[in-house]
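Below sits a lone chain in structure tokens, taken as the form predicted on its own.
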Amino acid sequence: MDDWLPASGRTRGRTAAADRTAAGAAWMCAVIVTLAFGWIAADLLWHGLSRLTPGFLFEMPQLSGRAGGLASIIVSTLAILAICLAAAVPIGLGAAILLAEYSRSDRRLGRFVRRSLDVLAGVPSIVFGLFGNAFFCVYLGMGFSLLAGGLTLACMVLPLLIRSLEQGLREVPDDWRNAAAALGMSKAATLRSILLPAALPGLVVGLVLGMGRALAETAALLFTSGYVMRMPGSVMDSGRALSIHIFDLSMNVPGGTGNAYGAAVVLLLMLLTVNLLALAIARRWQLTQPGPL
């Protein structure tokens, strides 16, 4: 009978104190992260916001980047990002579907693929750059090009994209799959109409993380896309990404600090725009999709 008695006031007090301590620690961590981001963003905006003029965005860089704008740099960055997503999304989607839906009968294959992805996620970017240079630039004959840089970044973001989408698919209740099978729906129809719309938040998370890493990457692109500042005419031309431009102006170009801050603000705004756009597309997609069975 003692097990059914209510807890004593002292026990309730200790429980409440532990809850308050845990909540306080969580809030403190959130505040620290927010303050760190705010400090970095404020420093960039303070030094670089005055550089954001139409000329800075639409003019070609001059004097090794000390003067002029970022026109060719922005075009190269967007081209590399587009190539990266065009290569990574279909492969990542197929691999995530394999792991979440088709590897349940072969657990050994699933474990092997997941361990491989975990290893790839921890590989330094400089190693990806050396691999991209050896495979895409030299072996496949692409040279220093936007295509080689984009494909190298695709290899880097695949682990994040696959594991995020796989987790999203696994969180869909099995009852939905069973109900679809009972109605005679094929596996492909179930994936297209039920599972993928339900797993869309996982895909958005993977895309946002992948695009963030791709936009901010420097080491891998130094060995693959190159660092020339001219306007690219095709994906086989070399081009300089924003991250490389910021690094070069900060470390190798005397008097380039001002434009480096301006380029950093542009990169920060691009990251925020990509995040907001991905979230908006996800919400719109979910609103237009039919509900679950």
Partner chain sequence: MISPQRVDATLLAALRISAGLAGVLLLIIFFFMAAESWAGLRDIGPLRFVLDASWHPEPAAANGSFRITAMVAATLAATAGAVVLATPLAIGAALFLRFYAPPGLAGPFKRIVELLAGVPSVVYGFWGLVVLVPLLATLGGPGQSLLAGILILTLMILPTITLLAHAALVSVPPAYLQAAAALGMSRWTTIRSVALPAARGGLFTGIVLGTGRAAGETMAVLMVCGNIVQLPDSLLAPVRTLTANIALEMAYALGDHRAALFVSGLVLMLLVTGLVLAVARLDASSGRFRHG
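Rigid core (definition): largest C-alpha set, two forms, superposition within 1.5 Å. Note that the structure is a prediction, hence the values are computed from the model and not measured. Numbering follows the first chain given and starts at 1.
Same protein, other form: the form predicted in complex with its partner chain, not shown, and the subject of what follows.
Trainee: With the distance limit set at 4.5 angstroms and only heavy atoms considered, check whether Val205, Ser238 and Val274 all reach its partner chain in the predicted bound form.
Mentor: Result no, not one residue of the spot touches its partner chain.
Trainee: May I ask you to state whether Phe56 is within 4.5 Å of its partner chain in the predicted bound form, using heavy atom distances?
Mentor: The answer is no: Phe56 has no heavy atom within 4.5 Å of its partner chain.
Trainee: Heavy atoms within 4.5 Å of its partner chain in the predicted bound form: does Leu63 have any?
Mentor: No, Leu63 is distant from the partner.
Trainee: Consider Leu160 of the chain shown here, and say whether it contacts its partner chain in the predicted bound form, taking contact as heavy atoms within 4.5 Å.
Mentor: Although its partner chain is absent here, Leu160 would stay clear of it in the predicted bound form, with no heavy atoms inside 4.5 Å.
Trainee: Would Ala134 count as a contact of its partner chain in the predicted bound form, using a 4.5 angstroms cut-off between non-hydrogen atoms?
Mentor: Result yes; Ala134 sits at the interface with its partner chain in the predicted bound form.
Trainee: What residues, if any, in 227-251 have a non-hydrogen atom within 4.5 angstroms of its partner chain in the predicted bound form?
Mentor: Heavy-atom contacts to its partner chain in the predicted bound form: Ser243, Ile246, Phe247, Ser250, Met251.
Trainee: Against the rigid core, is the Cα displacement of Phe37 between the shown form and the other one at least 2 Å?
Mentor: Yes, shifts by 2 Å or more.
Trainee: Taking the rigid core as the frame, does Leu169 move its C-alpha by 2 Å or more between the shown form and the other one?
Mentor: Leu169 C-alpha, core-superposed: shift of 2 Å or more.
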